[in-house]
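A single chain comes next, written as structure tokens; it is the form predicted alone.
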């Protein structure tokens, strides 16, 4: 049966209407607070046994052991089609190449005579990677998180992912993990996985920072982690795409990009912005045609029912809206895409030109697909090598340096009435002249 959508259209909307359009669905974590609290308390009290009980309750699987054995990790490659192995390896190579380029060489700067400062990077000691399972195991996310963790040389990388109905982990996840040098893999999903990484159990080591997407329970658990002093990657919400197009676009490509995002889930955010009114009907027609051929049609339909098509007469107003919305993914569908780069201030990741689908960034071009949603692209970057490292500043001052800079330090400290600070410099200067 053919499906006809009734996508909301907005023609040159004023500011008030734009604010309504940009409002994301609110994830109500307060209503989950009691459940999350119970899970954290159970894991804190009973450790591994609590994890097994919760896995039986939520995943309907009875586990003898939480950790994936080394032999299962090694043998995983035998259960993957050669073409998929080749594709994963190619994606790994590109992701590694791009993230490895983010290394910054330490550079010593003499800020004044005899005063030398520099910065060095160190990998976060222990990180936890959460990889959703469900109907579609996200082995691509293993690469997106595992590769930069590997490059950063984090001392301990722990991976948690839900078990399937047989109590095992999808071999593609294990294969990708092995490529990233990850050997500690646990068959734990949902909020209990986050709790185990935050608190630590007999089997699961406690970590310093947690990465990875998940449902509302995982999101609420990650927010709970902060209360325990464990850092998280970035705020998460439903996945988003905003496609901008001028007259130099291909409607069938735009429709495909909108649908590819819509099939993530019913709550996916899908927006099409254009300065060419005449292409809207063509894009809608392509949407209808492609949607009726989509295996995950029912999921995409629900997302598209809440999608928006927005026409602006002015290019400046279009990008004013785009920057206000601050999309997770921004596609510039135009042969002149590079002309618009300077107008983009807020976006998680940008895909330039008619031949650049968002799917490329999701899998294999090399950029990271773990990105800020819900407008947080205004203040957060996507996951990168920097997400897995700490930057430590160093400085050294010579005798000449403390003689030259010391009086300024003393003067400032005295004005702030911090005599101890001033004296720490004064005793050094006195030792030089005595």
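Positions refer to the first chain, counted from 1. Because the structure is a prediction, the values reported are computed rather than measured.
Although it is not shown, the form predicted in complex with a further copy of the same chain is what the next lines describe.
Q: Can you tell me if residue 208 lies within 4.5 angstroms of a further copy of the same chain in the predicted bound form, counting non-hydrogen atoms only?
A: Residue 208 belongs to the contact set for a further copy of the same chain.
Q: Is it the case that residue 415, even though its partner is missing from this view, gets within 4.5 Å of a further copy of the same chain in the predicted bound form, heavy atoms only?
A: Although a further copy of the same chain is absent here, residue 415 would touch it in the predicted bound form, with heavy atoms inside 4.5 Å.
Q: Answer for residue 359 alone: is it within 4.5 Å of a further copy of the same chain in the predicted bound form, judged on heavy atom distances?
A: The answer is yes: residue 359 has a heavy atom within 4.5 Å of a further copy of the same chain.
Q: Can residue 427 be called a contact residue for a further copy of the same chain in the predicted bound form at 4.5 Å between heavy atoms?
A: Contact check for residue 427: yes, within 4.5 Å of a further copy of the same chain in the predicted bound form.
Q: Exactly one stretch in 370-378, 38-46, 51-59, 66-74 has heavy atoms within 4.5 Å of a further copy of the same chain in the predicted bound form; which is it?
A: Result of the contact check: 370-378.
Q: Honest question, do 138, 294 and 384 all end up within 4.5 Å of a further copy of the same chain in the predicted bound form by heavy atom distance?
A: Yes, the whole candidate spot contacts a further copy of the same chain.
Q: Quick check on this chain: which one of 125, 285, 202, 316 has a heavy atom within 4.5 Å of a further copy of the same chain in the predicted bound form?
A: If I apply the 4.5 Å criterion carefully, the residue I get is 125.
Q: Considering a further copy of the same chain in the predicted bound form, which of 364, 275, 234, 280 comes within 4.5 Å of it through any heavy atom?
A: Exactly one residue meets the criterion: 364.
Q: Looking at a further copy of the same chain in the predicted bound form, which residues in 73-92 have at least one heavy atom within 4.5 Å of it?
A: Read in sequence order, the residues that approach a further copy of the same chain (within 4.5 Å, in the predicted bound form) are 81, 83, 84, 87, 88, 90, 91.
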